[in-house]
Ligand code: ATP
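The form predicted alone is given below as one chain in structure tokens.
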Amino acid sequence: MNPAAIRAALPADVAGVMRALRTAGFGAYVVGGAVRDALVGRTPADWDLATEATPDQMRIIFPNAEYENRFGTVGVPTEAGIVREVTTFRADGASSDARRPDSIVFLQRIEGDLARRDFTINAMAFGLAPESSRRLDPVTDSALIDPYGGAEDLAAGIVRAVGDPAERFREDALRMLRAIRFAARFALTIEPATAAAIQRDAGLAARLSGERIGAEMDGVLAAARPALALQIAYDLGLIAAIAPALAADWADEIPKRVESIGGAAGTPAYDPLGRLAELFAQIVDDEDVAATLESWRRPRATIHEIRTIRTIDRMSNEAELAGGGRARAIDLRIAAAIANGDARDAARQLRRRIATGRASACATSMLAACEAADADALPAAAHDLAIDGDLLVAHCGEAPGAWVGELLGQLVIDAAHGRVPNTADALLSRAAEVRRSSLP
């Protein structure tokens, strides 16, 4: 893997920060995920830097810098309007909560800083040592610093802990879930010693905050190929630690079903809500699913959406079991509009079911009927009709009441199934007819 890829990807403002550090006599390195991503041709989301300069020294070099933490990370505003994080080389002390170090010690060498990192693929740096000639440029003359063989592991498709994996996971249990996320994101496998340590200490993951668990699982589901990582998470005991109800109802086909949703040609990379719902599809009880998502601190809106997807999925299954057909597809659109305010959810759920292999043979024709109805904007809710409640009340000459909503619902069904045109005159005529037949 050629460090030229890092040079080519390096933003101008990051290069400026590195040169400012070098001018002041300090080492300057890009570290961690930015190095990893650039080496494999991905555009890094963040560019983190490291140096032996202390936070106080950095604030002299960068007068507008911000420093409000105890981990040696200084925020440096740049001309690009972005705050770049620069962290002093450090070693972490013991962790009493299996998440954050109780103490840190600042270091003078990049090698010591890389030793505290989680995996070899994240323990790489790109830059110049402080003793290098001042004539050298920290970008064009920089080299890859890779004491643990991260580039080789990345090329070989391996997630390997730095040093003793058990020690790394006891320092920070979140690293076990990060291993799964990296496996999903980069299509990697977990090397045996690292996997064995995860399996031995998987229970520590139950102590992590729900927000962090949920964020890591979001990352897994956002990957193009999450199936292998999800199966590894189950096999190593992580699913049991973070989602006991899911582990209890686990089925071997779950990972592939999750991966099958999204990622097809012409579609977004993935369907986050659809994949999350599919992860829990094997669980019958909605409350068990909601409880797990709440424990992961997922937003209320997300939990509501998952409930809705599960509801429409059940209705889709019932429609298929009843034989499918255009009429049932039209009714499914109406039910979806009632459940979530969007008739197109019927087609979305049918696509998901077909992708996962859970649909029956008639689902394809139902999907075609739903898609045609969507294209034709067939009514599925009262607001799709050419009349509203006020016009209905005025036409019928009666006081408003529950009958208005009931009648509008009947008109939606009649118009959707083509029994009456969706025009004001036709709907009002049909409404008067229905109303007369319902009165004593």
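What you see is a predicted model, and the numbers here were worked out from it, not measured in a lab. For every residue, the number given is its place in the sequence shown, counted from 1.
As for the form predicted together with the named molecule, it is not shown, yet the points below apply to it.
Among residues of the shown chain, residue 122 is one whose heavy atoms approach the named molecule to within 4.5 Å in the predicted complex.
Taking non-hydrogen atoms only, residue 379 never approaches the named molecule to within 4.5 angstroms in the predicted complex.
Using a 4.5 Å cutoff between non-hydrogen atoms, residue 32 counts as a contact of the named molecule in the predicted complex. Taking the partner from elsewhere, residue 326 is found to have every heavy atom lying beyond 4.5 Å of the named molecule in the predicted complex. Stretch-level contact check against the named molecule in the predicted complex with heavy atoms at 4.5 Å: of 35-43, 411-419, 395-403, 49-57, the positive one is 35-43.
Shown without its partner, this chain lists 170, 178, 256, 307 as candidates; in the predicted complex, only 178 has a non-hydrogen atom within 4.5 angstroms of the named molecule. Though the named molecule is absent from this view, in the predicted complex it lies within 4.5 Å of a heavy atom of just one residue from 84, 298, 116, 353, which is 116.
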